[in-house]
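In the form predicted on its own, a lone chain appears below as structure tokens.
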Amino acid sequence: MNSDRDVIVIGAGHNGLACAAYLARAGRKVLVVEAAAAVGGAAATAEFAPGYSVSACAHLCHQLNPRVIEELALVRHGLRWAATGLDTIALSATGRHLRIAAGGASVSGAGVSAGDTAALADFDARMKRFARLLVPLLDQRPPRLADSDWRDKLALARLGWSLRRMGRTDMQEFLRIAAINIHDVLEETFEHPLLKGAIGLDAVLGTHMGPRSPNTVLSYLYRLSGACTSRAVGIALPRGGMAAVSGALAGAAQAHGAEIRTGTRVARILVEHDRISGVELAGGEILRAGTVVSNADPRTTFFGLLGAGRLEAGFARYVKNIRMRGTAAKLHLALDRLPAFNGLEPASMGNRLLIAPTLSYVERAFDHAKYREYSPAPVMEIVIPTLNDSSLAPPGKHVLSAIVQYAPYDLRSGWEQAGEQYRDRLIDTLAQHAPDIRDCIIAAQVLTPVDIERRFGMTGGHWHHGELALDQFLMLRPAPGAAQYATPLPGLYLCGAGAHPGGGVMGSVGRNAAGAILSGAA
């Protein structure tokens, strides 16, 4: 094909940039096209009030693949940490908080029994042993079960051997809990309600699941797999917000010769003679390349950019049925001073703060989402990043960022009418823990799942481009026929969170997709 480039990557989210960097490093001529004015996608920093900036969607790093950091020299390209190894503080409205230390193996606070302290150490060690089973699989293309080549057979053999090496007791326990819900596991393990609520939230954050939903042990292990590979960093805040991660990836891609064009929206993916031939931009410009890699979610890629008419009916049905209903919103507050949280000293407020007082509280919040309602008692993951990174606000001022569960994408009353009321509900919930917070607020922004869909191009506003569940995991993600990054259309690949291993700021999908392209995986 006559073209001055080998590969076009659609979307400069962090996985698209990682994929481009690896391909360019291998000598491919790569062009990245991004509709937004800046790179990053959901891993970006944005000003939401004059002088006040915040990580617009994802706001904490806890899964960034250390291989990506090292292989692409992200530190050399500007990645810095404002804070690492954050503790998790489960807030109590009465000020009797619980603190889970960085690493997750120890806990302290009012009412924590010696039994819970010992149980957490055992639970954390056991769950990390289970999570380590996933780690090797996250760094490679998922193995096929049928028509597999030697690499697939080797990967499956290694998984089986790792499972067997755990010993009979751990192997039996893994098989017992792997597909069940986190609620039952926590209820049989711990006593303290705040401890159970905090771990339960970690299992469901960003998903359309509650603690009693099947697959929530799997989603917890997936989250924990990041802690198994990034021990030195843990839960971390990048200096300058999440744009620091995307900026470093963009710098690595450009250093290896990749070209990045922002403000460039792709209208459709072009096909000639039953294979990919390039893309057409919104303004009508044609860009030719024999390989196109999409960082967009699978439904946008196949239905919005390619067209269902290009797909076999069975495959199109699989894509249509991917579960991707977003239920997470984002709250940003510009503050003229630091609010006072009940019973929490200012030195602790720079950690990760949770509002998830009990498992039942989290489950009841999810119940509303089932009926297309937002929860009047929302669940929150809160950070005040300016306590660690003063560059995000004017001197002496602060920003607060919170991920909020559960806010259904298809709200029954519609988000245009309910948006202001919902914002007030969120601030009221914060005020139960920080009574003076309303007096501190200069500006507030709420991004509902509909806003997230529009702003970041995520169908359904789902952060992970599809639920992380057994039927949408490994060789089934995002759908049979496109589970190893290659798609049914020769020359078209996926590198977004909808592909294996899934969502989260990891860079693993982009790295794996580049490997599949370079190895000619079909």
Ligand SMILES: Cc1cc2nc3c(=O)[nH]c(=O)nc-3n(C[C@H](O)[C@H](O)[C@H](O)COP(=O)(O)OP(=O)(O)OC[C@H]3O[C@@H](n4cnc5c(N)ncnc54)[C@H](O)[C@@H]3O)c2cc1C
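As the structure is a prediction and not an experimental result, all values here were calculated from the model. For every residue, the number given is its place in the sequence shown, counted from 1.
If you look for the form predicted together with this ligand, you will not find it shown, but the lines that follow are about it.
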* Verify the flagged residues H97, L354 and P385 against this ligand in the predicted bound form: is each one within 4.5 Å by a non-hydrogen atom? => no
* Specify the contacting stretch among 23 to 31, 45 to 53, 456 to 464, 484 to 492, defined as having any heavy atom within 4.5 Å of this ligand in the predicted bound form. => 456 to 464
* Asked: So, in the predicted bound form, is A296 in contact with this ligand at a 4.5 angstroms heavy atom limit?
  -> yes
* To do: Evaluate L60 for contact with this ligand in the predicted bound form, applying a 4.5 angstroms cut-off between non-hydrogen atoms, and reply yes or no.
  => yes
* Asked: Does this ligand come within 4.5 Å of any heavy atom of S225 in the predicted bound form?
  -> no
* To do: May I ask you to state whether A12 is within 4.5 Å of this ligand in the predicted bound form, using heavy atom distances?
  => yes
* Structure fact -> Of A102, I452, M380, V446, the only residue with a heavy atom within 4.5 Å of this ligand in the predicted bound form is I452
* Structure fact -> Checked T88, T291, S92, T264 for heavy atoms within 4.5 Å of this ligand in the predicted bound form; positive is T264
* **Partner contacts for 468 to 504, taking this ligand in the predicted bound form and a 4.5 Å heavy atom cut-off** => G496, A497, G503, G504
